[in-house]
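Single chain ahead, by itself, as structure tokens, in the form predicted alone.
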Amino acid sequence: MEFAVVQSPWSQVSADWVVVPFSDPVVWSDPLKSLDTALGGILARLDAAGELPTKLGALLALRGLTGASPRVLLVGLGTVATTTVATIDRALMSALRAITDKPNLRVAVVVPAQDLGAISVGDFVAATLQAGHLAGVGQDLYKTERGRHPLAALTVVTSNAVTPEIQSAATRGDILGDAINLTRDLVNRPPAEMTPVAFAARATQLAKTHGIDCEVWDQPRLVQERMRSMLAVAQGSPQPPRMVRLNYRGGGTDQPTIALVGKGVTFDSGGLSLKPTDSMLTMKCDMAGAATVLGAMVAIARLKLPVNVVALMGLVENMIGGNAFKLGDILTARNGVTIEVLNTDAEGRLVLADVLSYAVDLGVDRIVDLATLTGACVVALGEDVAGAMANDQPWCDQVLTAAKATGENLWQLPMFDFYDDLIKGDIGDIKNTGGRWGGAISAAKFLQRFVGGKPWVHLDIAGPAFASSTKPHREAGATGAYVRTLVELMQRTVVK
């Protein structure tokens, strides 16, 4: 998608569609008055009739117009007092998704010439570029006739000067939108295609393209590195496991090294604790944590952020078979902790156990892991909110702040010491499931045993990573949630 940010009168914009946002109350700025004049006063008449869309996400299409642009789409931003990054995203996504059902469109979006409260012009421009990428890509990757089409060109039109800060915001939005679509693409691919080996190959190619150091561990190397918990999950599948390590050194020696760790179960049948059909249908998304980390790393490298980041992605397939790991098995993780297997469908934590231990061995300063880990978190928080659990409140606060700044939803869950009793083992040190109650937290408590006391935040993204239904502002399937949060977190993490 070609993009540009230009200073131009709204009435002179040439495009297949011009998108014009309206807030409540409507402010009749000079650029809006000029556009209304060019449109023969139709906007003023709509306003007098109370028909201008100002409610968040409301749309009104005007077609068959004379002038440079034959079609204008009006979109509501809601009230200025309630405007946030999240509401701007929702409005722009609703607008651009409504018109990306046709290919090769040139679209212009005008920047409101009024105060939007806490939202700057840069925020609006970045959100527009992100929406331009996301709106034109659906989950219909294998349909003969696709329902979504990438935009040919997107122009952001402002009535003020295009400053370097605004141009930088546009570049940032363009890169983030592309990175989120990368994550969505990885998750939406079928499991027969997106195997551990295929994921590792894609990561290798992307690393080469963007100048990131990359190392891939094959099965013999995993054995050598004592990744026995992770290997146990993989042993029931003919697809060999992989671990991908990406190194990005954008900061100085005085900067901390942050580890981003992603769960990459490319398909989860549940193993011998076999899932029912309905629960297995979307299990290609069980590698969304790894996909989110990869998307974020590509964006971090393209933005040339001044940080040091190591990304670790544990990639396996959890299947049934004569060699599958069994209930009652005792596994010894990389750090020597012994694990009783009580449920082979609690496999993601077994993968992360070894990968987190390796992050500690690397000497990283802080850790964030992302995983579609538990249905319990979806029960607790719903499909649109991820759970955050941590052993260090200041580090968790930084993650929560980054999420809020990007309009992504996180909610911190408690990590009281008594939850440790839920996973206390009878034969080994710990059990891989703590039972029905507090399942998201007991899973986090399991992971905590493998972070070596490092400041660590666990994000259970099981709900937001994969949408069960299409909405005006969102496609069903992979969402690419929390790529923005990770990038924002790295942007803010510049001093130790």
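The structure presented is a predicted model; accordingly, all values stated were derived computationally and were not measured. Start at 1 with the first residue shown and count on from there.
One more form of this protein exists, namely the form predicted together with a small molecule; it is left out here, but the text below deals with it.
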Heavy atom within 4.5 Å of the small molecule in the predicted bound form, from candidates I320, M283, A153, V197, belongs to M283
So the small molecule isn't shown here. In the predicted bound form, which residue out of G251, G375, G78, G407 has a non-hydrogen atom within 4.5 Å of it?
G375
Of the listed stretches (329-337, 375-383, 167-175, 106-114), which one has a non-hydrogen atom within 4.5 Å of the small molecule in the predicted bound form?
375-383
Non-hydrogen atom contact Q412 with the small molecule in the predicted bound form at 4.5 angstroms:
no
Would K263 show up as a contact with the small molecule in the predicted bound form if we use heavy atoms at 4.5 Å?
yes
Check A462 for me: does it contact the small molecule in the predicted bound form (non-hydrogen atoms, 4.5 angstroms)?
yes
Is K275 a contact residue for the small molecule in the predicted bound form, using a 4.5 Å heavy atom cut-off?
yes
